[in-house]
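One chain comes next, on its own, written out as structure tokens in the form predicted on its own.
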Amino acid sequence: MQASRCYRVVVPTMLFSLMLVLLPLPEWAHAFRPDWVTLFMIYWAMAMPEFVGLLMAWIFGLLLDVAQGTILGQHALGLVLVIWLVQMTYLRIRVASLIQQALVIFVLLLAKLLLTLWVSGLVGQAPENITLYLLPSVTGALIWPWLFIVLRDIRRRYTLTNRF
């Protein structure tokens, strides 16, 4: 498979995940917004680990930092940690059922959020309500099965790999 064909599908979907992060929501829904970039990156790192790795995670993490106006490198560090964990365990994760995968995704998203919370705390920008800060992990885990199916169908439509 050609790498350019792979990137012609992965990069636009990752840019779409950045657009989902920037999509305006009502004030009450901000706490429930899943970490779209991390969810999309986890899927692509599991589906095509030879093409999607730490460098792409770092780049999209920096783009997320710029888009959200956070500390430069905060989301990049968290995303690199999550993708490194996925690369170490993707063979085990992808044979699990979607419910089991959602539980693993919850833990991965929680690890990223706790790391970004720690970095924010180091510079004195910790949020007031930590429980609301951790809600995206729950919503991300709940959305994972549907996101997995949609991205798998996109990958199959463009015949990128036959991993799942």
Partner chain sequence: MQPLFLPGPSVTFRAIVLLAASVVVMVADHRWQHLESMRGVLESYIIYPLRYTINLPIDFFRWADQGLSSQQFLLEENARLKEQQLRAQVSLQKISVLERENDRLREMLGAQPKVGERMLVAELLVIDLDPNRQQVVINKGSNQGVYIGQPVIDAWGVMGQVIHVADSSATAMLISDPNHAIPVQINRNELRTTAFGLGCGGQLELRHIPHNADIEPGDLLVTSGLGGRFPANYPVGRIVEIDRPVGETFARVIAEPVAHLDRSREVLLVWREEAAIMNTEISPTQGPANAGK
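Only a predicted model underlies this, so the values are computations on that prediction, with no experimental measurement involved. Positions refer to the first chain, counted from 1.
Not on display, but discussed next: the form predicted in complex with the partner chain.
Residue contact check for residue 119: one or more of its heavy atoms lie within 4.5 Å of the partner chain in the model of the complex. For the chain shown alone, residue 100 is not a contact residue for the partner chain in the model of the complex, no non-hydrogen atom being within 4.5 angstroms. Although the partner is absent from this view, residue 63 contacts the partner chain in the model of the complex, with a non-hydrogen atom inside 4.5 angstroms. The partner chain is not shown here, but in the model of the complex it comes within 4.5 Å of a heavy atom of residue 55.
Contact annotation for the candidate site: 107, 139 and 148 all lie away from the partner chain in the model of the complex (no heavy atom within 4.5 Å). For the partner-free chain shown, 49, 50, 54, 55, 58, 62, 63, 65, 66, 67, 68, 69, 70, 71, 72, 73, 74, 76, 77 of 44-79 come within 4.5 angstroms of the partner chain in the model of the complex, judged by any non-hydrogen atom.
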